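In the form predicted on its own, a lone chain appears below as structure tokens.
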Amino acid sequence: MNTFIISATVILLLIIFFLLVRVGSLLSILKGSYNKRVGSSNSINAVLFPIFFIVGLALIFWSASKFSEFYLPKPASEHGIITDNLFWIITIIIMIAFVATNVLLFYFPYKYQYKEDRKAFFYPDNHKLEIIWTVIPAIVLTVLVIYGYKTWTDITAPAPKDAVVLEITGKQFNWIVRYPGKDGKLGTYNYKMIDATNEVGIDFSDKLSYDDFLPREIHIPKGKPVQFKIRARDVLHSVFLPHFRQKMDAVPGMPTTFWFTPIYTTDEMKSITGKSDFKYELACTEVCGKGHFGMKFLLVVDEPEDFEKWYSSQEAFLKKNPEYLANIQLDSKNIAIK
């Protein structure tokens, strides 16, 4: 509230100052002393340019420091560190260019302010300067594009063969997660088999589906690659894991994927953030309808041994829903029940 009052007061004072200057100009016209008034007004405006620049730049850095707690959280994946490095390199380069160009932009009105005995110098072009401010940005941008392309290819490269694989399906308005069983391979799916219980359409004609399970929360191991296979059941959704710097759209009819390696367990992030109730969260960042706000799913990063214990304790979908056994071959039923 205090910040709002201070901001409103400053804005009001600036408006009053502008109106006073305007009134003074109009009075000068009436008195016939407009030329002198123009010279005085230009001097004032010329001085205000560098003042506004210095104050504005100070406010930019102050706000950047003041509200740094609202930046993206500490990266919790190897890819997140790479992404953040690229972001800060680009930000620093942009800030250098921004400050340099604006120093000139605000300094020139002060240096070349109106004076009665000053005449403008006709300076149509300078090929050397044009080459310099064309070549240098081109080189910088080329380096950034190459660096960004390398970062992007690292992030979107095929997942390692030993990656933990799970499937995420988005639907209005929740996420459904499916893991492969002990065989480590996800079974196929068929949209025609979707019903109130089999929400992702697990195809039980594929034996690899027999031991697949659908947990109530995501568990992944620290220090091991994890691959998310993503799809949507109805409309466009978007898988977003801010701590891992991962975001990928879930598109109906077009499966997508990404992989990453978590580097901090949930318990470690509680210590790092100082928040005892810290939780990793999967959110939807694509407005998918009136229930979009509720599309959240808890994600837990475990130590590898804890992950194995959790993984081995999960029951297959078929074991929880034996009515689907009627749809598979008789010699496979015992496999599914185990």
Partner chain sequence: MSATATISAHDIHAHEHEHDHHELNFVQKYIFSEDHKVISKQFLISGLIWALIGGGFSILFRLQLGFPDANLEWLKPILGEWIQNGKLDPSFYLALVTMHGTIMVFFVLTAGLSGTFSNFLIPLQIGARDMASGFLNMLSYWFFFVSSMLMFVSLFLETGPASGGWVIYPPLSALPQAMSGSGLGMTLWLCSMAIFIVSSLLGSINYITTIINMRTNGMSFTRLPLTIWAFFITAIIGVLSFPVLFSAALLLVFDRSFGTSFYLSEIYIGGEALHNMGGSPILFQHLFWFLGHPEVYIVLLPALGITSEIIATNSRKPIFGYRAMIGSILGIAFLSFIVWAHHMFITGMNPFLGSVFMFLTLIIAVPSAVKAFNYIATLWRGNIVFTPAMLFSIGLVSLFISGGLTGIILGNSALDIQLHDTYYVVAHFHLVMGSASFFGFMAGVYHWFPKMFGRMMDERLGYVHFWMTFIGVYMVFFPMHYIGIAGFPRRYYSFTSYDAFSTFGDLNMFISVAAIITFSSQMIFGFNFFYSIFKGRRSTQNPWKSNTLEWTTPVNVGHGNWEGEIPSVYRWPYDYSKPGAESDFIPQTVPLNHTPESNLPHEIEDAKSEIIH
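What you see is a predicted model; the values in this text were computed from it and never measured. In this text, rigid core is short for the largest set of C-alphas that superpose within 1.5 Å between two forms. Residue numbers count along the first chain shown, from 1.
Beyond what is shown, the protein has a form predicted together with the partner chain; the following relates to that form.
Only one segment in the set 159-167, 179-187, 67-75, 207-215 has any non-hydrogen atom within 4.5 angstroms of the partner chain in the model of the complex, and it is 67-75. Site residues 172, 253 and 290 are all in contact with the partner chain in the model of the complex, judged by any heavy atom within 4.5 Å. Not displayed here, the partner chain is kept clear of residue 312 by more than 4.5 Å at the level of heavy atoms in the model of the complex. Within this chain, residue 155 lines the site of the partner chain in the model of the complex, having a heavy atom no more than 4.5 Å away. Put simply, residue 21 is close to the partner chain in the model of the complex: some heavy atom of it is within 4.5 Å. Contact annotation for residue 83: at least one heavy atom lies within 4.5 Å of the partner chain in the model of the complex. Heavy atoms closer than or equal to 4.5 Å to the partner chain in the model of the complex belong, across 114-133, to the residues 114, 115, 118, 119, 120, 121, 122, 123, 124, 125, 126, 129, 130, 133, ordered by sequence position. Remark: with the core as the superposition reference, the CA shift of residue 216 between the shown form and the other one stays below 2 Å. Relative to the superposed rigid core, the position of the CA of residue 120 differs between the shown form and the other one by 2 Å or more.
The two forms, fitted on the rigid core, differ between the shown form and the other one by less than 2 Å at the CA of residue 304.
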